[in-house]
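Shown below, as structure tokens, is a lone chain in the form predicted alone; questions about how it binds or moves come after it.
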Amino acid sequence: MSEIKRQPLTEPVYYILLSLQTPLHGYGIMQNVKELTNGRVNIGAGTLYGAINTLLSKGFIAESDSDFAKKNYIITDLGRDVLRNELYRLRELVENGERILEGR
């Protein structure tokens, strides 16, 4: 597995990738992240567009073809692999924490 697919994601990037299973524009991403986290994670415009530029350059997301005036983005196959690997990593963290802290 390539090193790029195994790097931990920040929480905002995790939720951005999770949000882009269907095409969304920037404001839609911010709203979706807020909804997914019950308002706990609020991504500002600067953080969002910095992350989008990084995700585009790494090939994790792409601009989506759309007829809308706003740019829409969608996760790529590489981005989905990265997101899936992060989910496995997070599960391992939780399982180890439960095993040690709760005696499981």
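Residues carry their position along the shown sequence, with the first being 1. Since we're looking at a predicted model, the values are computed, not measured.
What comes next is about the form predicted in complex with a further copy of the same chain, which is not displayed.
Student: Contact between N42 and a further copy of the same chain in the predicted complex at 4.5 Å, heavy atoms?
Tutor: No, no contact at 4.5 Å.
Student: Would I74 count as a contact of a further copy of the same chain in the predicted complex, using a 4.5 angstroms cut-off between non-hydrogen atoms?
Tutor: No, I74 is distant from the partner.
Student: Does any part of Q31 reach within 4.5 Å of a further copy of the same chain in the predicted complex? Heavy atoms only, please.
Tutor: Answer no; every heavy atom of Q31 is more than 4.5 Å from a further copy of the same chain in the predicted complex.
Student: Report whether the minimum heavy atom distance between T47 and a further copy of the same chain in the predicted complex is within 4.5 Å.
Tutor: Heavy-atom contact with a further copy of the same chain at 4.5 Å: absent for T47.
Student: Just to make sure I understand: among 33 to 54, which residues lie within 4.5 Å of a further copy of the same chain in the predicted complex, judging by heavy atoms?
Tutor: Stretch hits, in order: L36, T37, R40.
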